[in-house]
Structures are given as structure tokens and as C-alpha cells.
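As C-alpha cells, one chain now follows by itself in the form predicted alone.
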Amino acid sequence: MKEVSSNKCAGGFQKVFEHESSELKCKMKFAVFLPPKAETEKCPVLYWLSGLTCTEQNFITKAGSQLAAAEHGLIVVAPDTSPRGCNIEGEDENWDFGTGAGFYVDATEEPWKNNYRMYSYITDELPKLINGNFPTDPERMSVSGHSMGGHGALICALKNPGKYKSVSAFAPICNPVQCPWGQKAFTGYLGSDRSSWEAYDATTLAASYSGPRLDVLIDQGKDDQFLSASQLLPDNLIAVCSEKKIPVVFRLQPGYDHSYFFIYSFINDHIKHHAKFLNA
């Protein structure tokens, strides 16, 4: 693991690291915010999963999460969204598939299955790396994300009951088996058998969830262009969660779009949401 950068921030440090990933078989970067509290004691960890086209830089430079994370003593880890530079034919041809668009699944189809294993990277390899190198409490972690990363956060929490203390999302892709983005990605990564797609669909997973209480916070911009384009489909997830009595706070925010201006406006609420459960 190599430190790429380190900047004093909010009384702590915003750092970026690079390492060789065994799951993804390439070099990966991830950002880590260490609050002042991490200098003297172990801290809980919030994992942030970014959306389509993003790297580890988008969240740490645009979301403004560091002050709230410092206040609540949270380590925040923000990995890249997919493998990069794997020399896979076609990996850079589309903005919504391939590089920058890993969709947090473990691919089963050629030529993607050897590298595009973001689900295992996020849920297994990265936490082991973080817990082995930073002052974390492995029993206290939560997950959040935006858009494709909101989809990733929801499936990580729903597929691993009890692993995450809480989950939140900004404008998540809630029902990818039913939307163009998801159908394109899942066909490429998982093949044509739609039943295999359901293992990475938050709405389907919520319908069969039987784990411990999982508190969910979702913010959605009312003027989000992808909401009107039927890419996000939050109503499908909310309906299932209501039926299954999974506690969800869903907030439709008037005037807000899909951008990081939206995330910046409400990130403090999400940090507080996770701190409530991580510091309980």
C-alpha cells in the first residue's frame, strides 16, 4: 500500500492510497479521511461508493463531508468505482459500462470476470485492508453512496445482514433489473439470464430480506433528470420496504438535481444518520 497524497483537513487528514488488488488484478486507489479522534482511539468506518464515471476524487473534493466526519469521529473510505487500465477490449468505449462503471457486481462473463469484481472488493478485500492498516473498529461500519454507488451501498447492506450498522444513498439506482442502465450493465457483466441479475437488485433483495433491523436514509432530488428518465425507480424500492417493514426515511428534495451540489447540501444529514448507529 502506497500513500499517494495527504492533506490536513478538518483537524484530521484526507489521504489517498494505491495498492495492488487481488480481486481486481490491477492497481486501485482509495481515499481515507482520518478524523482527529483517530490519533488516539479506534473509530468506526463509513464506506462511500461513488457513481458512474467517478474516481476516488469526486467525493473527497466535492461533497464536503470532512467537517461532519471529524465532528462525529468517523473514518470515511471512498474507493474508485471500477478497475482501470486492465486492457480489456471495449473497456473505454462507453461512459455507463466498463471503466468507471463497475456497478459493484462480481462479473461472471468474459472478458470482464477476471477484473470486474467490485462487490467482493468492497465487501471483503477493502475492509480487510482498511482494518489492517488504520485505527478502525471492525465491528462498526456503515455504507453510503450516490447513484450507481447508491445501488452498491443498498445491495451491500441487504446482501449482508448485520454487517453494516446503517445504510444511506443519494439518488440510488433502486431497481436496476428494470432500468436501461442496469439492464445494459447486467447483460454485459452477468449474462442474459435475468435471474442472476436479481442478486444485485436492491428492490428484489429487500423483498427477501430477513436480517436484523436496517435503517435506511435515501435523499432524492425532485428535479433529477435521471428520475424522470426512469433510471432510478425509488418508488419500487419504497413500496417493497414498506411491505417488509424495513425502516426507510425517503426524502424527495424539491429543486435538486443529480449532481454533487445535491450531495453537498445534505451530506451532513447522512453523516449524522450513520453516526447515530455507529457510535451507539
Partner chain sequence: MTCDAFKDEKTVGKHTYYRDMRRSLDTSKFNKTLAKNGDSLNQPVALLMDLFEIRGGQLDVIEEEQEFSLMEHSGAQRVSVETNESLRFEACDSPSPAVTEDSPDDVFSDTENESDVIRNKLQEKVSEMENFAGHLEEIFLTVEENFGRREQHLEQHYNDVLQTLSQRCDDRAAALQEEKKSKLEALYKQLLDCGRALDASKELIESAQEVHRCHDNRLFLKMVMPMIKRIEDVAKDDMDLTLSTTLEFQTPRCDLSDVKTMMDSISVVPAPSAPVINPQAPNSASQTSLRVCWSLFSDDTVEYYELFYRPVLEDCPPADCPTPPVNKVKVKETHCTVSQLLPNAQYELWVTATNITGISPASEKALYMTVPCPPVLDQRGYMSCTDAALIRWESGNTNPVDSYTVEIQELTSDGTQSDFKESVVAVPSCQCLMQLQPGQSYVVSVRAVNIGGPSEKSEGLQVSTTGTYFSLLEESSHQCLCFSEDMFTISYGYEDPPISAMAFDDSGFTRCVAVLGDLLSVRGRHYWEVQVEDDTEYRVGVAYEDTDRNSYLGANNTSWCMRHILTPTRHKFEFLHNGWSPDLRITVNPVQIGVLLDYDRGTLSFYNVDLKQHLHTFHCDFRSFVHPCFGLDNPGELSVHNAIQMPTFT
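Keep in mind that what you see is a predicted model, and the values were worked out from it rather than measured. Numbering follows the first chain given and starts at 1.
There is another form of the same protein, the form predicted together with its partner chain; it is not shown, and what comes next is about it.
Proximity of residue 26 to its partner chain in the predicted complex: non-hydrogen atoms within 4.5 Å are absent; the residue sits far from the partner. The closest heavy atom approach of residue 249 to its partner chain in the predicted complex falls within 4.5 Å.
Shown alone here, residue 238 lies within 4.5 Å of its partner chain in the predicted complex, counting heavy atoms only.
Its partner chain in the predicted complex is approached by residue 215, whose closest heavy atom lies within 4.5 angstroms of it. Figure note: of the listed segments 62-70, 239-247, 35-43, 49-57, the one touching its partner chain in the predicted complex, with heavy atoms no more than 4.5 Å away, is 239-247. The partner is not shown here, but in the predicted complex the stretch 254-280 reaches within 4.5 angstroms of its partner chain through a heavy atom at 254, 276.
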